[in-house]
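Starting off, we have a lone chain in the form predicted on its own, written out as structure tokens.
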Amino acid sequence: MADRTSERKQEWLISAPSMVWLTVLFLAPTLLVFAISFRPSTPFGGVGEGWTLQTIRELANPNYPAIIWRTVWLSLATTVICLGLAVPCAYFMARARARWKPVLLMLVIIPFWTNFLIRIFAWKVLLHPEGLVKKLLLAVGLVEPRDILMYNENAVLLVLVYSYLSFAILPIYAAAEKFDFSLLEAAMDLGATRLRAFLQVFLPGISRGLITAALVVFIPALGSYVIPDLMGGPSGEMIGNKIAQRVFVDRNLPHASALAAVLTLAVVVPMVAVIFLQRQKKPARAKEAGG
């Protein structure tokens, strides 16, 4: 009993710095944002006295459903495309010879050496009506001279995938590098095709990496506002743009807080649901194994 108490104390001591960090830098600001969303706004851009539900009622703006839908589908599409590209890249990197792995890993990390805004402006140059991409597409007859490659949802999706692809590759590669690839050979020896072994053995074996990659892509994409602002225009506006507009243009902090609270719930609720379901499955699997 004394040993168990000592172990718990050690666990609390080890976890205390992380808990303090999360409380001060995540939980407290999040609760503050939720609280401000129930306060009235002032004409000078401040937070008024008292409490009100008027800000919550203003979320019924008829323009919001379209923006919310665009935010969700662009974030989901970005996540799916990034995972689809990251899995074969991580597989190839994990199966590469030892001397080539650092080189391939460096190629994935190199984009982080360039400023985020510079990379976005580089895409503006490439997709410009006189840019290289437009000229190449015109040369092969895939677009018309009057077609515009920027300021639409497709341009936002393209740059979102480019910006977050590295975040998807790294956790999947970390999981793939620890995977025992002899299991694929064993599956094929038992009659499975290469594709079936990949889908039913490799992907489940790196499931933690896939979940991590999906989260680190989906969550930032959901709150993105710089990319839609520079590449999307009015037709590519996302929730992040509305939050920035309410803060910097309208000076309506309670309304911005209400939108941020909705965005936070959209991220946290699915994560909590997934964690709860995973915990529910563990006792069931243990019972099956014991039976």
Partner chain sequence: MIRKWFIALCCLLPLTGFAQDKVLHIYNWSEYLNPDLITAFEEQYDCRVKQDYFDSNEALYAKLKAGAGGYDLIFPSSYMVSIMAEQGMLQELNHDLIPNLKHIDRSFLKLTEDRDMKYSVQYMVGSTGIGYIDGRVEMDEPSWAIFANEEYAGRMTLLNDMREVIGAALKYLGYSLNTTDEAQLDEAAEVAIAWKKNIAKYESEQYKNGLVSLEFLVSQGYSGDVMQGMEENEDIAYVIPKEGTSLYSDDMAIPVGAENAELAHAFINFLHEPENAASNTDFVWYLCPNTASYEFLSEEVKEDPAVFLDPEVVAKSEVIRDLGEENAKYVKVWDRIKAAQ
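A quick note: this is a predicted structure, and the numbers were derived from the prediction, not measured. Residue numbers count along the first chain shown, from 1.
Unshown form predicted together with the partner chain; subsequent notes refer to it.
**Student:** Verify the contact flag for Arg146: yes if a non-hydrogen atom of it lies within 4.5 Å of a non-hydrogen atom of the partner chain in the model of the complex, no if not.
**Tutor:** Yes, Arg146 is a contact residue.
**Student:** Heavy atom to heavy atom, is Phe248 within 4.5 Å of the partner chain in the model of the complex?
**Tutor:** Contact check for Phe248: yes, within 4.5 Å of the partner chain in the model of the complex.
**Student:** Is Leu59 one of the residues lying within 4.5 Å of the partner chain in the model of the complex, judged by heavy atom distances?
**Tutor:** Although the partner chain is absent here, Leu59 would stay clear of it in the model of the complex, with no heavy atoms inside 4.5 Å.
**Student:** Would you classify Ser235 as touching the partner chain in the model of the complex, given a 4.5 Å non-hydrogen atom cut-off?
**Tutor:** Yes - in the model of the complex, heavy atoms of Ser235 and the partner chain come within 4.5 Å of each other.
**Student:** Please tell me which of Phe121, Phe92, Trp100, Phe112 lies within 4.5 Å of the partner chain in the model of the complex, judged by heavy atoms.
**Tutor:** Of Phe121, Phe92, Trp100, Phe112, the residue with a heavy atom within 4.5 Å of the partner chain in the model of the complex is Phe121.
**Student:** Under a 4.5 angstroms heavy atom criterion, identify the one residue in Val87, Val161, Ala197, Met150 near the partner chain in the model of the complex.
**Tutor:** The residue from Val87, Val161, Ala197, Met150 that makes the contact is Met150.
**Student:** Can you pick the stretch from 215 to 223, 173 to 181, 197 to 205, 123 to 131 whose heavy atoms fall within 4.5 Å of the partner chain in the model of the complex?
**Tutor:** Among the listed stretches, the partner-contacting one is 123 to 131.
**Student:** Three residues, Lys9, Pro29 and Val269; all within 4.5 Å of the partner chain in the model of the complex via heavy atoms?
**Tutor:** Result no, not one residue of the spot touches the partner chain.
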